[in-house]
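In structure tokens, the next block holds one chain alone, the form predicted alone.
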Amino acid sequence: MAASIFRNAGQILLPVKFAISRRLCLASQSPPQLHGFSNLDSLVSAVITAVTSCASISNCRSIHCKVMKSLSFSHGFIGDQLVSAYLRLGFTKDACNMFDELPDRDLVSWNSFISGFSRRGDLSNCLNAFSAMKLETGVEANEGTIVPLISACTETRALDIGTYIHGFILKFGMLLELRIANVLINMYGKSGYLDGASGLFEAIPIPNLVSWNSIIAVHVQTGKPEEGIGYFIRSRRAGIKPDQGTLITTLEACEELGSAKLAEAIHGFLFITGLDSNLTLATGLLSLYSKLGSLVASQKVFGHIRNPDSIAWTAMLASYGVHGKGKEAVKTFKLMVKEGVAPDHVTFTHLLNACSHAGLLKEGRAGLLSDAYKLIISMPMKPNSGVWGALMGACKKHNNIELGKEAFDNMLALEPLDSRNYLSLSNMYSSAGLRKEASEVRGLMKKRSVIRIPGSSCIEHEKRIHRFVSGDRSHPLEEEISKKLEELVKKVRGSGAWARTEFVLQDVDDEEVREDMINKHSEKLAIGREIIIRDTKRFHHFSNGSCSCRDYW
């Protein structure tokens, strides 16, 4: 496959290479003045196009040689373009040698050199080039120099070096440059220093859209969604017209907060401004509703999308899957194919998850585990952790420990630090009564410093989000909640149902303590009048005495 792609790419480039070679040959055989400026200009333009689209180091070096013979590196900044091409292709030594060959290195040359390293996340060489620029040439830095330096610090989470550059910016009075202030906000925010990011933002006389987007995003992405929403509201009051990036981040904040009312407010804003026709935003909105437990709202949003693409179809299919609607997910998949939209590996992952979660035997092969395994390894694309996770869930249900371990090994190879993978295996061992093996998995987590983030559940009541974790006693109404929960547990026991304590993953021998841990799970603490509960993977709709998951927890 890869060889075929490269062959095709070579065939596409042949006419370009031939045209450039012919022009370079003509230029070398005849005096420049015979061709006139327009001919030289078109030649330079063709060379620049070839350099910027160059996909191999051999072609890049070939063009380099021909430029040395027939043109000047200063023509159209061809030299700078070659330096960038070498860096883009990952050949640092060639880039440095090319840069040393440049006869007149000006600020544009240095900025291009530094930017090339920044795009590769090479902070060390970024700093080396910056230091050389200051020491060897005395060229003063500008916005084009500083922005890639800060971006490299952000990419590598080098806050200490970023702080040093911030000091340089202050010393030379460059903080008033809005683009520099914006990348600094992004750097401090993504490094977890929100006070620094907020302080910089508040110091900007007139923030632009990028400024607002940055301050909203860093708060949402670092676990401060309420503050992010607060900045979004302030941006609207300041008369800023949000773009797609603003609203995607705001939808993420709604998901983190678990606020359906806030999601409806954002939906209303999209409708009023006409942005509800934006395919990316509509897809994000239907996914948000699904994650907040409102499958009906997801269906309505999808129904209003005129020409859904593969991402939108997959999002709707995934919504059915996460709500235990496996049959609807299969119908959506078939309709997607009928409409001529090609599914990808993400689509297949969600389809398998939906079938596994809903206990569909024929469609998802939940009971035919060997067939499922053969299907996965024969897929045209490489299976991701979601596919292996679906197989592992089925293995747990059907007590196939051997194949479940195989699925776990594949999941671990893809995501070695994801605690959910280890917990899935430990859960499978526990359900099979293999307490020792479950304990060994938890020991492996500890040995590899894999941190388990406690799950939480939330409920929206009177415009407030109430969030709980297992055994939580911090809520102001904790006594009333616990009392009501005890009443419900007694009624459940009175009906003959008992907690399945074999699913408790912690090493606890006391049966009463294990049962108490289940009874005070976060989902039970957060339970509302509508019996729609979400665990770590999907929603459970309780009605008429049964659950949508068909006991496929």
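Predicted model only: the values in this text are computed from it and were never measured. Here, rigid core means the biggest group of C-alpha atoms that superpose within 1.5 Å across both forms. Note that residue numbering begins at 1 and tracks the sequence as displayed.
A second form of this protein, the form predicted in complex with the DNA, is not displayed here; the remarks below concern that form.
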{"item": "Contact residue in the predicted complex, from Glu437, Asp276, Asp94, Asp309 (heavy atom within 4.5 Å of the DNA)", "value": "Asp309"}
{"item": "Candidate from Leu444, Leu403, Ile161, Val210 lying within 4.5 Å of the DNA in the predicted complex - any heavy atom", "value": "Val210"}
{"item": "4.5 Å heavy atom contact, Ser214 and the DNA in the predicted complex", "value": "yes"}
{"item": "The DNA contact in the predicted complex: Gly258, any heavy atom under 4.5 Å", "value": "no"}
{"item": "In the predicted complex, Ser287 touching the DNA (heavy atom, 4.5 Å)", "value": "yes"}
{"item": "Distance check, Thr280 to the DNA in the predicted complex, heavy atom within 4.5 Å", "value": "yes"}
{"item": "Candidate spot Pro148, Val183 and Ala315, all three touching the DNA in the predicted complex (heavy atom, 4.5 Å)", "value": "yes"}
{"item": "Per-stretch contact check against the DNA in the predicted complex, the hit in 294 to 302, 223 to 231, 428 to 436, 242 to 250 (non-hydrogen atom, 4.5 angstroms)", "value": "242 to 250"}
{"item": "Residues in 335 to 352 with any heavy atom within 4.5 Å of the DNA in the predicted complex", "value": "Asp344, Val346, Thr347, His350"}
{"item": "Rigid core superposition, Pro308 Cα moves 2 angstroms or more between the shown form and the other one", "value": "yes"}
{"item": "Is_shifted Asp100 between the shown form and the other one (CA, 2 Å cut-off, rigid core)", "value": "no"}
{"item": "Core superposition between the shown form and the other one, C-alpha change of Phe130 at least 2 Å", "value": "no"}
